[in-house]
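The chain below stands alone and is given in structure tokens; this is the form predicted on its own.
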């Protein structure tokens, strides 16, 4: 019933309450090439429609503020049929192994498409990859607006998140989720870029577009691009810390051992309570015959993606995470970077 996330890196990440990197100012290259992707899952409509809207603006403002924004409809076949995917979940096709798999006649559509996207936005791990890839997703769970990243040292993502959370997006709950997977095993689209994150917003049913969720994601993308332009212009952003939810394990629904059909669903006390602490003994599942099954874990944890519709096929009822605080340093664009401040010694 439980599935542990099996990487040494993740175990190292979740062992400590607070992670404190060096706090001297970090200089980073300018972010001049940004990709905004939607429709990686064809029935998650916020990204689909936002990318289409951005494509209209892209024709009028191809390089506003020194930033080139590429918009991508990631899985057009699935979008056309309003399905999550055609043959295989595209957002699990960006591991190094799958990106290097030879494409033959019976290769799943999404594996071939992942390699096309890797050529367009990457190649993954190369100097020519996009500076930043932002992939837009929806969840049926009550998650608010989340940033999802693979590394706690993703300074740009942490700064952008803090900016949105503190100044620009106070009307919607925002959280930062850390997957803690090594680069070679990173499986989702944003991992193709030099830097990247997923924006996950909900609750929104599959195949439905909600105005409040669309507006929140649209504002998040707009404020992200505004932050990048300020960064490229030479602004220094102070360090700080944010709460980060680190994925630890998944729980499946109780199932019949012979038929594998589910025998219980999420308990009403837990439904829609994403990010609310789940303590040992709290109601977890309610059997189809009416009995309460309680959480038997050894420690309190935070439930995420509670009763997510897309995870039924994956055998996941919810994720469990630990909450930590991650500190991050001040950042500023490198002197002499395109769009950034000049180097005074070179100008002398």
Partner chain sequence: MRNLVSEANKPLSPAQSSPLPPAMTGVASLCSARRVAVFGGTHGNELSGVALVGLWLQDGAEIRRRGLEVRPFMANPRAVQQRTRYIDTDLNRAFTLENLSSAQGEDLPYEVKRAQEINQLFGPMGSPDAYDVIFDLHNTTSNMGCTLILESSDDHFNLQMAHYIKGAVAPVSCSVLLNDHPHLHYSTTRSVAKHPVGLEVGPQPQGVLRSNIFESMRLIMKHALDFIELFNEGMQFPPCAVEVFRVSERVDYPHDSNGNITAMVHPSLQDCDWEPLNPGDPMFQTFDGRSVEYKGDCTVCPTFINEAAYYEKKQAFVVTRKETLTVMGIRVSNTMLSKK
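This one's a predicted model, so the numbers in the text were calculated from it and none came from an experiment. Numbering follows the first chain given and starts at 1.
The same protein also exists as the form predicted in complex with its partner chain; that form is not shown, yet it is the one meant from here on.
Asks: Report whether all of 51, 275 and 298 sit within 4.5 Å of its partner chain in the predicted bound form, measuring from non-hydrogen atoms.
Replies: The answer is no: none of the three residues contacts the partner (heavy atom, 4.5 Å cut-off).
Asks: Its partner chain isn't shown here, but in the predicted bound form, which of 103-111, 206-214, 152-160, 128-136 has heavy atoms within 4.5 Å of it?
Replies: Selected range: 206-214.
Asks: Only one of 45, 304, 30, 34 gets a heavy atom within 4.5 Å of its partner chain in the predicted bound form. Which one?
Replies: The residue in contact is 45.
Asks: Though its partner chain is not shown, can you say which of 98, 238, 172, 262 has a heavy atom within 4.5 Å of it in the predicted bound form?
Replies: Contact check passes for 262.
Asks: For residue 88, is any heavy atom within 4.5 Å of its partner chain in the predicted bound form, or not?
Replies: Contact with its partner chain, no.
Asks: Is residue 251 near its partner chain? Define near as a heavy atom within 4.5 Å, in the predicted bound form.
Replies: No, residue 251 stays farther than 4.5 Å from its partner chain in the predicted bound form.
Asks: Is residue 266 close enough to its partner chain in the predicted bound form to count, meaning some heavy atom within 4.5 Å?
Replies: Because a heavy atom of residue 266 falls inside 4.5 Å of its partner chain in the predicted bound form, the answer is yes.
Asks: How about residue 116 - does it come within 4.5 Å of its partner chain in the predicted bound form, if we only consider non-hydrogen atoms?
Replies: Output for residue 116 is no: heavy atoms all beyond 4.5 Å of its partner chain.
Asks: May I ask you to list the residues of 217-237 that have any heavy atom within 4.5 angstroms of its partner chain in the predicted bound form, in sequence order?
Replies: The stretch 217-237, when checked against its partner chain in the predicted bound form, contributes only 218 at the 4.5 Å heavy-atom cut-off.
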